[in-house]
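Okay, here we've got a single chain as structure tokens, the form predicted alone, with questions on binding and movement later.
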């Protein structure tokens, strides 16, 4: 078990280092940062001054090592746009993004698990195919398009919910639904597959032979085993949601970490862009590592993989 954890932790560290390099290189490939910061009307002297003040005249390797060393200490630099520490900006916006991601995951689980159970209990029937069609639509539908449809219909036409902001808890409902809609198909299919295997097992046949009620067999015996991989995969889905919140927060004007990234990209605030990419990658890697460990606890066969 210890060797398994060490291998996974080492792999997570290597992925983090890769993200550091890729995020740094991509911002440099986008053009001359000094020109982007100075603006289109800047003179050559202004650009040279900015390049010197921000250390952009140094070799790229030196710039990367300096940024990586500061990032390892929690210093993510200062924002060109807000003139404030990047770490503080992310910390201020993080509660909105976390609330949105956790709300979306809760909705996805509350919808996907019952639908997966229902589909498995009616395998091969019209109900099963209908639920599969819903999952297919959910997987194919772009999140931003669904968000715009909800804004127009639910927010503007029916005026049931606010279309932007999180001044009240109702502001999280529509964006959380959009995030959940993209995660429901995967969670539902996993629940369905696990329930089909569980319902066909010997212990379920024994429970039926004892005359136990169907609801007790399904919820107490079959679901307990079928839900194990769903719980671990839910952690990975949460990482996807936090990363996908960039689009959703921009659509619904929620000032979370995703909206901060969108603003920074549009205003060429490269320190914030690099920091947000690194932060979301670390969160996703951490959740993936937690899911791997959970799977190893639940299934000892994975520890020797």
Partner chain sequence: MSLRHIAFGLGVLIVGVVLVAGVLAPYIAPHDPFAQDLMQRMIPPEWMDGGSALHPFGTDQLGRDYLSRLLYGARISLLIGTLAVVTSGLIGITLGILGGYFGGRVDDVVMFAITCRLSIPLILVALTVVAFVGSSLTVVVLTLGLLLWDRFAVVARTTTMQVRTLDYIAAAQAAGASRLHILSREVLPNILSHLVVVATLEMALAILLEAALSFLGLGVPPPLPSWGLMIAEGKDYMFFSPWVIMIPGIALFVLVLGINLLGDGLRDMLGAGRRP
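None of the values given here were measured: they were computed from a predicted structure. Residue numbers count along the first chain shown, from 1.
Same protein, other form: the form predicted together with the partner chain, not shown, and the subject of what follows.
Three-residue candidate spot 71, 113 and 293; no residue lies within 4.5 angstroms of the partner chain in the predicted complex by any non-hydrogen atom.
280 is the sole member of 280, 254, 238, 50 with a non-hydrogen atom within 4.5 Å of the partner chain in the predicted complex. Comment: the partner chain is not present in this chain, but in the predicted complex one of 133, 84, 91, 215 has a heavy atom within 4.5 Å of it, namely 133. Exactly one of the stretches 144 to 152, 71 to 79, 101 to 109, 171 to 179 approaches the partner chain in the predicted complex with heavy atoms within 4.5 Å, and it is 144 to 152. Remark: residue 67 does not count among the residues lining the partner chain in the predicted complex, judged by a heavy atom distance of 4.5 Å or less. For the chain shown alone, residue 9 is not a contact residue for the partner chain in the predicted complex, no non-hydrogen atom being within 4.5 angstroms.
Residue contact with the partner chain in the predicted complex: residue 231 places no heavy atom within 4.5 Å of it. At the 4.5 Å threshold, heavy atoms of residue 54 stay clear of the partner chain in the predicted complex, well away from it. Along 260 to 276, a non-hydrogen atom within 4.5 Å of the partner chain in the predicted complex is carried by 261, 262, 265, 268, 270, 273, 276, in order along the sequence.
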